[in-house]
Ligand SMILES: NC(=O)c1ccc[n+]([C@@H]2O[C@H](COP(=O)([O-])OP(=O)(O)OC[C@H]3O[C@@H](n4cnc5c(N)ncnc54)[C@H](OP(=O)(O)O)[C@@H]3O)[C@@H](O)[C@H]2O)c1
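For reference, the chain that follows is the form predicted on its own, supplied as structure tokens.
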């Protein structure tokens, strides 16, 4: 049985990915600060972990190692989004966002690497806002810049681990999640979490065979 670990699973895309992977008979490991939404679903192993807390991450990895778990697919979906113009942005806002979107993502990946199979696939979730040449929206200087960092990190990791696992990054367009609704109450996205989760899971399971170190924009809007 293949094993998939997903971060940021309390709602939205991560939540839907876990349910879909379970239906496909994969061993599903959910990692989220709020583990309650998936805790009562048989077949999903839930870990309440804040990926910005190094001690909690170390405990997670030690627990997985003690159970002799090897990971085939890692989907780094956890994210933080806040809408504020640059002149109103504080150091704390930058730190909070980067702690989740960049440093937490990097740390959980680094700690899990010893138990990720060489034939495995690591998917980092970025944003179309972090892609060069894409339309940038006011209020997202912190978020978009953090997601650009995720893209660069993914490309470097693919070079540093030529023997596997594969590393790819998906730059998502707007998805109608709670996080988006909180940041932009009036905006209605054309894509729902269920649709995006289907694409991400399919790419995670199959894309590593043909792609490595690649940035793929997943957006139905232009540019």
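Residue numbers count along the first chain shown, from 1. Just so we're clear, the structure is a prediction, and the values are computed from it rather than from any experiment.
If you look for the form predicted together with this ligand, you will not find it shown, but the lines that follow are about it.
**OP:** Within 4.5 Å of this ligand in the predicted bound form, counting heavy atoms only, one of 51 to 59, 154 to 162, 66 to 74, 22 to 30 shows up; tell me which.
**Re:** It is 51 to 59 that comes within 4.5 Å of the partner.
Subject >> Interface membership of residue 79, this ligand in the predicted bound form, 4.5 Å heavy atom rule >> reply: Heavy-atom contact with this ligand at 4.5 Å: present for residue 79.
**OP:** Using a 4.5 Å heavy atom cut-off, state whether residue 198 contacts this ligand in the predicted bound form.
**Re:** So residue 198 does not count as contacting this ligand.
Original post:
So, in the predicted bound form, is residue 11 in contact with this ligand at a 4.5 angstroms heavy atom limit?
Top reply: Yes - in the predicted bound form, heavy atoms of residue 11 and this ligand come within 4.5 Å of each other.
Subject >> Contact flag, residue 125 vs this ligand in the predicted bound form, heavy atom cut 4.5 Å >> reply: Residue 125: contacts this ligand in the predicted bound form.
**OP:** Would you kindly say which of 100, 116, 149, 111 lies with a heavy atom within 4.5 Å of this ligand in the predicted bound form?
**Re:** Result of the distance check: 100.
Original post:
Which residues in 158 to 175 have a heavy atom within 4.5 Å of this ligand in the predicted bound form?
Top reply: Contacts from 158 to 175: 172, 173, 174, 175.
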